[in-house]
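One chain follows as structure tokens, the form predicted alone.
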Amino acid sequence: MSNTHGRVVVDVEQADDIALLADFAALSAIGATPAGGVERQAATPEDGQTRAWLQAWLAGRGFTVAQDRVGNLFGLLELVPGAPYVLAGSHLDSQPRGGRFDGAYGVLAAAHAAERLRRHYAAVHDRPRYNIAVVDWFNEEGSRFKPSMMGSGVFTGALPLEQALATTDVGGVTVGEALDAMGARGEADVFGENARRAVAAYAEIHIEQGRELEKAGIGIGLVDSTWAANKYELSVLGSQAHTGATAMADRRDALYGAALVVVAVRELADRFGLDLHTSCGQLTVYPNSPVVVAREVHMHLDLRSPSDELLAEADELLRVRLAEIEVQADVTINRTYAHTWRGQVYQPEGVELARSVATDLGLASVEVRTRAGHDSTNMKDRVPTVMLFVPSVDGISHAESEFTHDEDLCRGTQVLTETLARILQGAFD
């Protein structure tokens, strides 16, 4: 580590990049799918294997490994006894047949960044102002247990612990039971009762999951704000009946009603253009028989927009359309909010810090908004937070064909390392 123009610069050797890519390949082999992705849904055996791999990696390099009561996994490196921690990480869980970069790259980049800083301070016999910790947030994806960003939600106080632990998957298994089954539920909070004082700042790096960086030919994205989002759980209730014997006019077909909802949210997106994204997913049909009119459908949908006002307008239009669908299909639709957040900004000082790091490293950067939710969405409400993106090829994510080039992975880790180095030295003080 050298000092240039009064700023700390972390020297990165070729061996560092080689080690990063080798570890990423090893990590990607766990839960690998034939088409090049991974399947490691939260608290499954594959997720447990991935967490065990990370624990061994951290422990082998002198980190203290701990898990909190909702299964967040931490690697703690105490450089200054008694000082608060700067936290960095992302998540290791995946979507079903998901991509190998989403989340996992951010955890590994944080681990390598912290290891590079550990080696530096051991070599120079100097101490920074803060300690550093790596985190794998539990159940960021929300594919098995809802809501998403569960671990960071509990950590920041946005989601009650007991509510999270009591959440069930489609098979009725609770989060608490699933964590116990893989030995991932800690008995106490890692940072004590007041984690918000024990953690001074947070940094996260992630693939963009969009095409803005790729289209601009720029390798580093500085996340300055988030899209707003409303996520819902819908129950469409009809009556079970015989598909052959029951007259069409007499049917209360829950699946027909659900299909109209799917069309309705797509038509909302078409109406508002680029400023509204919508989706429906995870439809569960009962009784799901080929000769029975569906009595019940459970489904999830979401609306996302860069504008809180537009999102509210779309939400109201959806409410009206759902009432119309109830009449049209002769069904009852129950809608509850599963997870919502308003469009918000990240701290400007974090954006400027990351911008100066990229500039000093000779890398082009640009400000971008995140349409997706990340654990930093929760953390930024509690501590100064830096969120970084690296490009996604063709913007593909949550799919096996998700891809980011090696050089972008390495450059992003270098920027994260330098950003953490400056925060450790007091850049946010």
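We number the residues from 1 along the sequence you see. Because the structure is a prediction, the values reported are computed rather than measured. Here the rigid core means the biggest group of C-alpha atoms that line up within 1.5 Å when the two forms are laid on top of each other.
The form predicted in complex with another copy of the chain is left out here; the points below concern that form.
Of the residues Thr156, Ser225, Asn230, Thr278, just one reaches another copy of the chain in the predicted bound form with a heavy atom at 4.5 Å or closer; this is Thr278. The partner is absent here; in the predicted bound form, the one residue of Ala188, Ala181, Ala312, Val262 having a heavy atom within 4.5 Å of another copy of the chain is Val262.
The candidate stretches are 74-82, 348-356, 237-245, 110-118, and the one lying within 4.5 Å of another copy of the chain in the predicted bound form by heavy atoms is 237-245. For the three marked residues, Arg97, Arg211 and Pro287, a heavy atom of each sits within 4.5 Å of another copy of the chain in the predicted bound form. Another copy of the chain in the predicted bound form is approached by Ala399, whose closest heavy atom lies within 4.5 angstroms of it.
For the chain shown alone, Arg127 is not a contact residue for another copy of the chain in the predicted bound form, no non-hydrogen atom being within 4.5 angstroms. In the predicted bound form, no heavy atom of Asp169 sits within 4.5 Å of another copy of the chain. Within 4.5 Å of some heavy atom of another copy of the chain in the predicted bound form lies at least one heavy atom of Arg371.
Along 159-187, not one residue places a heavy atom within 4.5 Å of another copy of the chain in the predicted bound form.
Positional change of Tyr286 between this form and the one not shown stays under 2 Å at the C-alpha, relative to the superposed core.
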